[in-house]
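Next up is one chain by itself, shown in structure tokens, the form predicted alone.
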Amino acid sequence: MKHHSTRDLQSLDEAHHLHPFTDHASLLPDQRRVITRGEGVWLWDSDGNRLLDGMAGLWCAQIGHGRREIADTVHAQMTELSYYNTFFKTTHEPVVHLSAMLAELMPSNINKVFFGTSGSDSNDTALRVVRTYWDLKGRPEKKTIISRQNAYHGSTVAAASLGGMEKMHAQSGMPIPGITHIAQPYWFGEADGMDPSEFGIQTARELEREIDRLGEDKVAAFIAEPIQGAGGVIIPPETYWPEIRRILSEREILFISDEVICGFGRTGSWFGCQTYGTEPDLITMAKGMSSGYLPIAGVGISDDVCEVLNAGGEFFHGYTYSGHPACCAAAIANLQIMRREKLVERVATDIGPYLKERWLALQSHPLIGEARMKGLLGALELVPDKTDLTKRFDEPGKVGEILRDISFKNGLVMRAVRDSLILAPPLTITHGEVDQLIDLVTATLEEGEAVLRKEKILA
């Protein structure tokens, strides 16, 4: 590919590229960062600046960037069979082998996978599956899916409706009918002084109350991420998931565990449902399945649900790229690396605890109201006054954006959600790189505090 100057690339980008989740009116040409290379946990831009990728791309680069083994595997697959569909009674080796690998990793009651290309279409598929399931069971009135406020399940119409993002709903007339939302288990932001254990149980029982309000005979499924990622790394109190499990065990309602972010080692287990001991009927997955090297996603579907679907005739659903052979080959190579290097175990017993210890120590900084982490998912809540954690900044989100931009300038990619900074580095990050990361976060907090005082945001 011909190399252009940074300015030329920025101008072309402004002229022709619409970015996701972007206010283009405020995005100036020189604010467009051009990433050119990645290796391990590091990225380089077109001006030669090096950045530590604290977000693993977009929550997905479990094995880090630049692994030649993936490129070689994909090249070999594309020289043999670059593409064929899995419609019309047809299959191919990569999709067969990947399906079998995933069945080994998922809970024992889930042994089949329906493939797509993104977390969004996985959650669309899950909606189609659960409603079709109840239709085939002779229960067509069971249509409603319960989700959570501030949840993110994707950007398609169905997935964004399943999500609980108010700004997304306001722009596009969502949610679609048959989807309701209950409170999220966001202790720092919404507990109002309640003890974490009590808050976890109280918030879980929102599901029970919503089922009773709607009528169990009308509810098809409950969908939730083990930890809400894009919502701000909302780590539920330890009492939350056991109570949810109790509620679901007493009712004839399916459970969809959205593992698009939590899946493939991020929480210290292959899937977040295994970390929290829940029993899903469907698992939606993407991102870490291929570490983002090629787009692939899927829905793991339980034996009980598959039995009903298989007995019901044709399931009128699918995608051109369902089980794309090159994407499957990339995912197989990725999972082989993860197994060989014991990355999931490493998150649980080595790098996860090490980063958590160093991350939680940041709570002593004057700007931090709460530091939290589970596995390699973390957040820092930014507050104006540590002595009164009920206080928030006057213009929500502004401080988060200021510190995010400082972090990028300092060479660390973090993400801002409201007035918090969130982190999800590659699972391959070393102890030495964690030390560098913490040094960069500390420098960002120090510089951020000075900027906020200068701009009179802090007293």
Ligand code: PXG
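From a predicted model like this one, the values you see are computed outputs, not experimental measurements. One rule holds for the numbers: they count along the sequence shown, beginning at 1.
Heads up, the form predicted together with the ligand isn't pictured, but that's what we're talking about next.
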property: In the predicted bound form, the one of G288, G119, G375, P236 near the ligand [non-hydrogen atom within 4.5 angstroms]; result: G119
property: Single option in V260, A379, C273, A126 placed near the ligand in the predicted bound form, where near means a heavy atom within 4.5 Å; result: V260
property: E225, heavy atom within 4.5 angstroms of the ligand in the predicted bound form; result: yes
property: 4.5 Å heavy atom contact, R415 to the ligand in the predicted bound form; result: yes
property: Contact of L105 with the ligand in the predicted bound form (heavy atom, 4.5 Å); result: no
property: 4.5 angstroms heavy atom contact with the ligand in the predicted bound form for I211; result: no
property: Stretch from 260-268, 275-283, 353-361, 306-314 whose residues place a heavy atom within 4.5 Å of the ligand in the predicted bound form; result: 260-268
property: Sequence-ordered list of residues in 170-199 near the ligand in the predicted bound form, where near means a heavy atom within 4.5 Å; result: none
